[in-house]
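First comes one chain, alone, set out as structure tokens in the form predicted on its own.
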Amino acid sequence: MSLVERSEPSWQFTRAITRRPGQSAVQGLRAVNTGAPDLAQMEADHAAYVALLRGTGAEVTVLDPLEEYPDALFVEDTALCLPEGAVLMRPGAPSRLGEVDHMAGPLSASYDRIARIEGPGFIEGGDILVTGREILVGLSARTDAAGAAELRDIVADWGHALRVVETPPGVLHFKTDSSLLDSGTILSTARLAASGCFDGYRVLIVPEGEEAAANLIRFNEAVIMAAGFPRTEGLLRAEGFDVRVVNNSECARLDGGMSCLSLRF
């Protein structure tokens, strides 16, 4: 059965998993050093994010920090959650490989079927966009062709089509520049949309200068986005979306966005 035949939209969820930031989060990976994050603000923002998820009626599991892994709050990179099962990823950042084992237990509480990317390729959840018709995987510095091919073999057995596309040079993850708004609508930066990877979809382009707003999540009826992008917020509200805004200034210092902070299923 293909995704297009499924009764539930790929943005409709009953559960989510998040992880609170640890003291070590201030040492997390980042492409550009814009200063150490304010941990107290990060913790407050994370609590607000969890509250928004719960406000949709979903059950949200909040895991304890992993001090040995500064980036562990960005749980999305460790797994892909689908209706048929979960797939544990193999992160392209060597310092993050150990995070995956810590996600296996929490996922086993919700899934009977859990597969795993064994390698030698690597793939992170931030490069995977599940739409109403297919799974898009963007190749990046964190996701390679071998990792995408191994994932394709797994999800094909579960009835999912997977298409590999390119992530723009210098962009951390495919979903840094794109998000799903509904089963056929994508929010994208102009640079990613220009590649043609979203042909056949309705595409809304993030206003120039607000490219960081491209990473958001559609979570049930809510569109949860980072604060500080008024033109993007206005665009989405004009399109009829129920927009909820949360501060993300400190996670943004670590290249983290709305999708990074949760596994949704």
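Computed from a prediction, not measured in an experiment: that's the story for all the values here. In this text, residue numbers run from 1 along the sequence as written.
There is another form of this protein, the form predicted in complex with ligand CIR, and it is not shown here; the text below is about that form.
Partner contacts here mean any heavy atom within 4.5 Å of ligand CIR in the predicted bound form, and among 68-76, 182-190, 100-108, 163-171 they occur only in 68-76. For the candidate set 227, 62, 39, 29, a heavy atom within 4.5 Å of ligand CIR in the predicted bound form is found for exactly one residue, namely 29. In the predicted bound form, at least one heavy atom of residue 126 sits within 4.5 Å of a heavy atom of ligand CIR. At least one heavy atom of residue 142 is located within 4.5 Å of ligand CIR in the predicted bound form.
Interface membership of residue 260, defined by any non-hydrogen atom within 4.5 Å of ligand CIR in the predicted bound form, is confirmed. For residue 17, no non-hydrogen atom is located within 4.5 Å of ligand CIR in the predicted bound form, even though that partner is not displayed.
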